[in-house]
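Next comes just one chain, in structure tokens: the form predicted on its own.
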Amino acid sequence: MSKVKVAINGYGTIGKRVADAVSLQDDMEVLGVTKTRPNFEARLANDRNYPLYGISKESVKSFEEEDLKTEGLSDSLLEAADIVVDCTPGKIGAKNKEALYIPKKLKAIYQGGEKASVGDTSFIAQVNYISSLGKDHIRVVSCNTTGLSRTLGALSSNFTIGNTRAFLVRRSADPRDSSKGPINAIIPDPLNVPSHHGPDVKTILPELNVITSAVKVPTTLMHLHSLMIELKDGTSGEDIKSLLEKTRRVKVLHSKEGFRSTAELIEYARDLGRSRYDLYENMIWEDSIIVKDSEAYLFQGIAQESIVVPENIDAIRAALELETDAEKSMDKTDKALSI
């Protein structure tokens, strides 16, 4: 079977991870990646033999001036692609949809920085893979929404749950970003409550009543979620632990093994030999899973740079209908990424 040709528009934090994940799949290949200017990531694309395209004549010229191999303008890349994964900064994907993808009748995958309206559907493989089959425009939701939807999707599918509240402790910037983030501050994010994360979860789980609030703190490694979930059917903490231990893309860990913070989670990823110490799974502390007075509590760590990567791969398969069975698609993705 010939491999589908995937264009990656935007080779940055998410784009380079998606490109590497695509290159590991047996049913798809990286046709090329785009950059706006020469930097270490553009050189990385050359080193990894990903054909590099500029978004303008000026960017192509800037690559050539820095002795970077380029294949020319991104327009030719999009013309030859079967699908594009848009990994550009937030709000640019929506502009690209109207200016580039729709005119070229090109299917596209977008990231969570875009509004839900950019896609025909928002996407979590474990929840709505089947209803996303064949869609032209699919939005993979943000890292926080992905983490919340995986856990809450599993719980709501197996137990009767009521009101859900989630408090998000967000990293202030990615590890590579030296230009922003609080240094000696905790920032309400946003100042108004509830935050946008709850409505975003409802694009995946519309029947769920979820309210969220968030703060930014001076760390770069991961987000941390504190979940409080109303139970209506006598579910126990052991029931929840047992379910989450069997849930895909969720890993349940215990503090007695040394997992006391996000720092140990990242060290664990390093010890696993994960590229860029990426964690694709929700990392849930087993000893935080408690049920008291018909309400469940738990903490989970979410690696903001990588958790959406497997969702992008499954979204490609769903859009192109390479695989009509969600479990089989996730089997392929997870095997390739050693999840």
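Note that the coordinates shown come from a computational prediction; the quantities given were computed from them, not determined experimentally. All residue numbers refer to positions in the sequence shown, first residue = 1.
What comes next is about the form predicted together with nicotinamide-adenine-dinucleotide (NAD), which does not appear here.
nicotinamide-adenine-dinucleotide (NAD) contact at residue 87 in the model of the complex, heavy atom, 4.5 Å: Contact check for residue 87: yes, within 4.5 Å of nicotinamide-adenine-dinucleotide (NAD) in the model of the complex.
For residue 73, is any heavy atom within 4.5 Å of nicotinamide-adenine-dinucleotide (NAD) in the model of the complex, or not? So residue 73 does not count as contacting nicotinamide-adenine-dinucleotide (NAD).
Taking heavy atoms and a 4.5 Å cut-off, does residue 304 contact nicotinamide-adenine-dinucleotide (NAD) in the model of the complex? Yes, contact at 4.5 Å.
Should residue 176 be counted as a contact of nicotinamide-adenine-dinucleotide (NAD) in the model of the complex, where contact means heavy atoms within 4.5 Å? Yes, residue 176 lies within 4.5 Å of nicotinamide-adenine-dinucleotide (NAD) in the model of the complex.
Does nicotinamide-adenine-dinucleotide (NAD) come within 4.5 Å of a heavy atom in each of 13, 36 and 143 in the model of the complex? Yes, all three are in contact.
Work out which of 45, 284, 313, 308 lies within 4.5 Å of nicotinamide-adenine-dinucleotide (NAD) in the model of the complex, going by heavy atoms. For this set of options, the contacting one is 308.
Would you kindly say which of 153, 113, 218, 194 lies with a heavy atom within 4.5 Å of nicotinamide-adenine-dinucleotide (NAD) in the model of the complex? That would be 113.
I need the one stretch from 161 to 169, 104 to 112, 233 to 241, 197 to 205 whose residues put non-hydrogen atoms within 4.5 angstroms of nicotinamide-adenine-dinucleotide (NAD) in the model of the complex. Heavy atoms within 4.5 Å of nicotinamide-adenine-dinucleotide (NAD) in the model of the complex occur in 104 to 112.
In the model of the complex: members of 309 to 332 within 4.5 Å of nicotinamide-adenine-dinucleotide (NAD), any heavy atom: Residues within 4.5 Å: none in this stretch.
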